[in-house]
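Only one chain is included here, represented as C-alpha cells and corresponding to the form predicted on its own.
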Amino acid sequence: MYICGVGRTKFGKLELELPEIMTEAVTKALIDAKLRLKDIDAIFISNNLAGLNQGQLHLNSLLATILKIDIPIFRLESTCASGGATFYNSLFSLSKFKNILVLGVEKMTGLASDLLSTNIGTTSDLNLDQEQGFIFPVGAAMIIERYEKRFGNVMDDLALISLKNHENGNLNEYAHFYGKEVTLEKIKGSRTIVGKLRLYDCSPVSDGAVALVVSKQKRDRRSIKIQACEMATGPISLSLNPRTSMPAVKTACKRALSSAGMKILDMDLIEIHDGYTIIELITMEDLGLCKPGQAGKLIREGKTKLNGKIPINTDGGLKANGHPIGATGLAQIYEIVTQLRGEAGKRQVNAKTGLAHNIGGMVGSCVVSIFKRD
C-alpha cells in the first residue's frame, strides 16, 4: 500500500467555506498523483464538527454533488483522531479498490468562542465531563499538575516545545502561524488559560483540508510505502485514567511497530499530536523515545529539533501548523510524505522513515502510522 498523491490548503482563518476548502485539497492531491477523478474508486472523508458548526452533515453526499460523481463515499468521526481513524479504515478497502482518496476537512473559525467550546466539548463524556464543566484545556492543565507532582517543574521544557514548533512552522508556508515571530520570552509571558497552562501551550482554532491518494500498488518513485497503521481505543474521560501516561498510545504504537517490524528509534522523524505542549512531552515517553520523566532532557538537548537526532513536528505540529480537527491526522501524514520525498524545502531533514501519532480526546482514540521510502 502506498500514498501516491497529497494535497492541502493553508491552515488558519480561511474565507472559504466547506465546499471550496474540500475541492482545493482534492484537486491538489489528484494533480500530485497524476490521476484524474475517474481513476478514484472510493473516497473516505474525515470530519468532526460540520454538523454542529455549520449545520451540515452528510458531507459524503455533499462532496458527490460538488464533484459530480457516484462512487462510494464514507464519512468518519473520531474527534481529533478523525483523520488517523479515517486513514486506518480506508486501507481495508484496498482489497476491493485500486485508488482511494482520503480527505480531512474542518471549518472552525467564525463561531463565538463559547459555542465552539461547547461543540468541541461534545466529544468528551457527557456525565463525567460535560455536565461537570470540564473542557480540554482543563485536562491539559491537570496533566501538567500530575506530571510535576512526579517529576518536578516542566514549564520551561514546555516553552521549548512551543518555541521549536513555531520555528518549524515558520518554515512551512501552509502553517497557521507561518510568518509569526515568537520568542521564548513571549511564550513564557503569555497569559494563563487555566492552572499552569499558558496560551502558547495550546494549539489554535483553524480551518483547512488535506487530501491523500492511497493506492494498492506503487505508482512512481515519489510513492511512499505505508509500512503500518494501527489503532487503539481507551476511556473517553481523563477521570478514568489518573496517570500521566496514555495506555491507548502505548498500545497503538506497540502494534504499529510490531506490524512494521521496526523499533521506535528506527524512525527518522515523528509527528506528534501536540494539541497542548504537555501532550508532546508525555507522548515522547509513551512512544518509548525515553523513560518516564526524561523527555525534558531530550528537549533541552535539542534532540527533537530539525537538526536533532529525532526531529519531532517538522511542520510546526498542531501548535504552529494548526489544528483543523478533521484534517489534522492527515496533515501529519502529508508532512511525512513530503519529508520522505525530499520536498520539504527549508525544513527538510534526512529521513527514510516516519511515524504519525494522532489522538482523540485525552486519549479516547489513538492511531499510529508508519511510512517508509522504498
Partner chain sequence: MPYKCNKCKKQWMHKIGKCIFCDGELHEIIPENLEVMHCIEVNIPSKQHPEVPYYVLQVKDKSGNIYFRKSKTQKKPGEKWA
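Numbering follows the first chain given and starts at 1. Because the structure is a prediction, the values reported are computed rather than measured.
Below, we refer to the form predicted together with the partner chain, which is not included among the displayed structures.
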### Query
Can we say Ser162, Met246 and Ile310 each have a non-hydrogen atom within 4.5 Å of the partner chain in the model of the complex?
no
### Message
Using a 4.5 Å heavy atom cut-off, which of 71-79, 90-98, 126-134, 215-223 contacts the partner chain in the model of the complex?
### Response
126-134
## Note on the structure
Checking Glu145, Asp266, Asp156, Glu167 against the partner chain in the model of the complex, the residue with a non-hydrogen atom inside 4.5 angstroms turns out to be Glu145
### Summary
From Val138, Ile187, Ala232, Cys290: within 4.5 Å of the partner chain in the model of the complex by heavy atoms is Val138
### Message
Please tell me whether any heavy atom belonging to Gly179 falls inside 4.5 Å of a heavy atom of the partner chain, as the geometry stands in the model of the complex.
### Response
no
### Message
Taking the partner chain as it sits in the model of the complex, is Gln227 in contact with it (heavy atom to heavy atom, 4.5 Å or less)?
### Response
no
### Query
How about Ser237: is it within 4.5 Å of the partner chain in the model of the complex, going by heavy atoms?
yes
### Query
Is there a non-hydrogen atom of Leu115 within 4.5 angstroms of a non-hydrogen atom of the partner chain in the model of the complex?
yes
